[in-house]
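Below sits a lone chain in structure tokens, taken as the form predicted on its own.
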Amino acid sequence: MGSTASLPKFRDETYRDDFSFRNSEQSVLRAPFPFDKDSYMYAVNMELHQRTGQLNSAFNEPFDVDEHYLAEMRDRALVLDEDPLRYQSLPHMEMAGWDTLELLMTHKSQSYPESFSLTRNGHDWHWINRPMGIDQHFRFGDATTLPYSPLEYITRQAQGDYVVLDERQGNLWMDAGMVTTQADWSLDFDIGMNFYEWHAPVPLAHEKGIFDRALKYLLAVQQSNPARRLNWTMTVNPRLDTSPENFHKWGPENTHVTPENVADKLFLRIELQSFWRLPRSNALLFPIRCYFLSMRDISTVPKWGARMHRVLKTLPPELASYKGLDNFRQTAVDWLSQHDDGQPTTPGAQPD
């Protein structure tokens, strides 16, 4: 899956305090908009994680790097300084950490060779991350040759959260992870839980058998065929760290949305979730990459503006509450209505 993708200019922006995060026009158009029709119900919606063939897409590379890379890595470092437990790994997951390091370094150096390079001489490896100014010689398998454990080391340099799932007893167990950009869930709470336990809060899906089917699919993921799905929620302000631990910081913001500010204060928070079978440990790597689109961003794509209006307007009450819409759903629907002419939309999620 080699490529020679070039990276955009990185934006100097923040995901907290003054919230200076912004999307360029290109960043809006390449986002993985999660709605392929005018209504939404929770579904398995798994597919192979393959390139789409589109020139400008978050699916172009196995691990997407975009204009927000450096800002997101700075925010991750701040979160870890405040709360080191956002990274955890149970003792039996060390090999899965090395698997993850190899996977990310290999793909990043193949996808973006101008920015990342990996040289291997037996177990002696040399990793260069030019955007972050990192030049590291280390010995693969020897954690003493890195400044952090292998999983923490590489996920401090990779956008999105990373959960590593151990497979045993016909189930998947959340036994390691780097989680600093989550939508109201906690690695510290979920560490050691199995697939059904950490999904327990999701409404409607259990009754429909969705998680039974999803687990069966995930257990069958093979090394050569990673999978992906899209998930979404809503966030007030482009705040990456909406963790339960920091609810006192972001929770009150949910009451700050008004008809005057909804276009720029309310964001669709898109999760590109992928699933990778790791070779030595047989664990399943679960990256969760977050993309933000403000309501104004969405309205710049006519199809998306109309569809977002219809999805939010018709969302079942249980899902609306789970997605965090209780305080501002009607405000968002009212604002988006001006971007919906009532005409049929074309199939699929891609812009027309």
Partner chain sequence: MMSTTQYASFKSRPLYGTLSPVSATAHLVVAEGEGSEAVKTLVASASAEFLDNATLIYAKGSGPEDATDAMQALGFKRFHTSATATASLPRLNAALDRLRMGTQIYLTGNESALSLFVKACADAGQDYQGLQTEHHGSLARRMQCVHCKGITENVTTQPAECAHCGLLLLVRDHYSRRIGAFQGVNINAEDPADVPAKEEMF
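As the structure is a prediction and not an experimental result, all values here were calculated from the model. Numbering follows the first chain given and starts at 1.
The form predicted together with the partner chain is left out here; the points below concern that form.
Quick one: which of 191-199, 152-160, 125-133, 260-268 gets within 4.5 Å of the partner chain in the predicted bound form, going by heavy atoms?
Among the candidates, contact is made by 191-199.
Flag this candidate site as yes only if 186, 251 and 322 all have a heavy atom within 4.5 Å of the partner chain in the predicted bound form; otherwise mark no.
Every listed residue reaches the partner chain in the predicted bound form, so yes.
At 4.5 Å between heavy atoms, is residue 112 in contact with the partner chain in the predicted bound form?
Flag for residue 112 set to no.
Heavy atoms within 4.5 Å of the partner chain in the predicted bound form: does residue 144 have any?
Residue 144: no contact with the partner chain in the predicted bound form.
4.5 angstroms heavy atom contact with the partner chain in the predicted bound form for residue 121
No - in the predicted bound form, heavy atoms of residue 121 and the partner chain never come within 4.5 Å of each other.
I'd like to know if residue 275 sits close to the partner chain in the predicted bound form, meaning any non-hydrogen atom pair within 4.5 angstroms.
No, residue 275 is distant from the partner.
Taking the partner chain in the predicted bound form, which residues of 165-181 have any heavy atom within 4.5 Å of it?
If the 4.5 Å heavy-atom criterion is applied to the partner chain in the predicted bound form, 165-181 yields 169, 173.
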